[in-house]
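As structure tokens, one chain now follows by itself in the form predicted alone.
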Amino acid sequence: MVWPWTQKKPELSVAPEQKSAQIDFVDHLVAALPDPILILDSNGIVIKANANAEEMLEMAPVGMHLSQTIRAPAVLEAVTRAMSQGESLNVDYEMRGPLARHFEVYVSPIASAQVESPAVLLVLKDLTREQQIERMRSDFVANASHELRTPLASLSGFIETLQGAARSDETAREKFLILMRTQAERMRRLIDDLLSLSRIEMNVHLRPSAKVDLAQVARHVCDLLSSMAQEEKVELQINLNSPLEVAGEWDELVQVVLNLIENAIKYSGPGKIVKIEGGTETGFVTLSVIDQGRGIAEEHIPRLTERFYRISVQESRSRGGTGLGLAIVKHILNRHRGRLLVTSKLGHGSRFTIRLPSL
């Protein structure tokens, strides 16, 4: 069978050295493209693949049939249609495994004297990050709605009770008013955190330029949380002997350190010590908050900074958490061109380290 798009058209003869240069140009072009690229011959054999394709497939696919490298019926069917009908198609392809990846595969027939026996071009666009962002956005809307709906439902129930059965019950009224205040405070904290997160995201591209001493920030936060530490019977130890100067915004860095030390106090337990240590590396400043709590299982660590992600939803709510604290920390550090590093071991506590560029 002769496919219309592969029929040769009258063309000028090309000298061997010119053809070699053209093929070399195609090789460099394929290598330079940012997406994984595969070119198949008329038998479905991979004749060209760039480094991105080799990295994605974790193999060198040249010389192999496509079915040996991509075992996806939709992709193979699209290649068959491209060969037999000359159609250009877009199909979805999911690489399964511990870290699933999602691709949109553009499949198109090609014919050129610059490539030996070409048949089909495959361009694989990685949509993994886009899908993760979309899923996180959907989860955020659903979670925010749920987090607000729960205290609102409680408030509505308490009001109905006070207007009805407990109208004349002084004891019940006092109890319900305390509970209503707790739920209203929970909503206030959630709204404050949502507004704070939104404000930080709007300014994430504007890097702060004021000089801030991170050691001074930490001491200030420890003063603010000293009464909380006493109530929880947790000792705060500050081991900061020298300035840790960074370009930053005081209030935002206070918010970061406050969140980390407050979490450490909440989840350490009576009689434990929370240490605050700092230091310098080449071009960077670090501040670590180290607790002696129960620790965090390894599978939770990569998701700690996701919005509304909690290891224990019930425990977090009982301690007044909104599930947004570490997400705010991450976004503030992004604005400051810094990072949050987390190490933890079950039964041995956790270390949360802020790493920021030094002045």
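The shown structure was predicted, so the numbers you read here are calculated from the model rather than taken from an experiment. Start at 1 and count along the sequence shown; that's the residue number.
The following text describes the form predicted in complex with a small molecule, which does not appear among the structures shown.
**Student:** Counting only heavy atoms and a 4.5 Å cutoff, which of 61-69, 323-331, 27-35, 48-56 contacts the small molecule in the predicted bound form?
**Tutor:** Contact-bearing stretch, as computed: 323-331.
**Student:** Each of K266, D291 and S312 having a non-hydrogen atom within 4.5 Å of the small molecule in the predicted bound form: is that the case here?
**Tutor:** Judged in the predicted bound form, K266, D291 and S312 all sit within 4.5 Å of the small molecule.
**Student:** Answer yes if any heavy atom of L304 is within 4.5 Å of a heavy atom of the small molecule in the predicted bound form; otherwise answer no.
**Tutor:** Result yes; L304 sits at the interface with the small molecule in the predicted bound form.
**Student:** Would I296 count as touching the small molecule in the predicted bound form under a 4.5 Å heavy atom rule?
**Tutor:** I296: yes, in contact with the small molecule in the predicted bound form.
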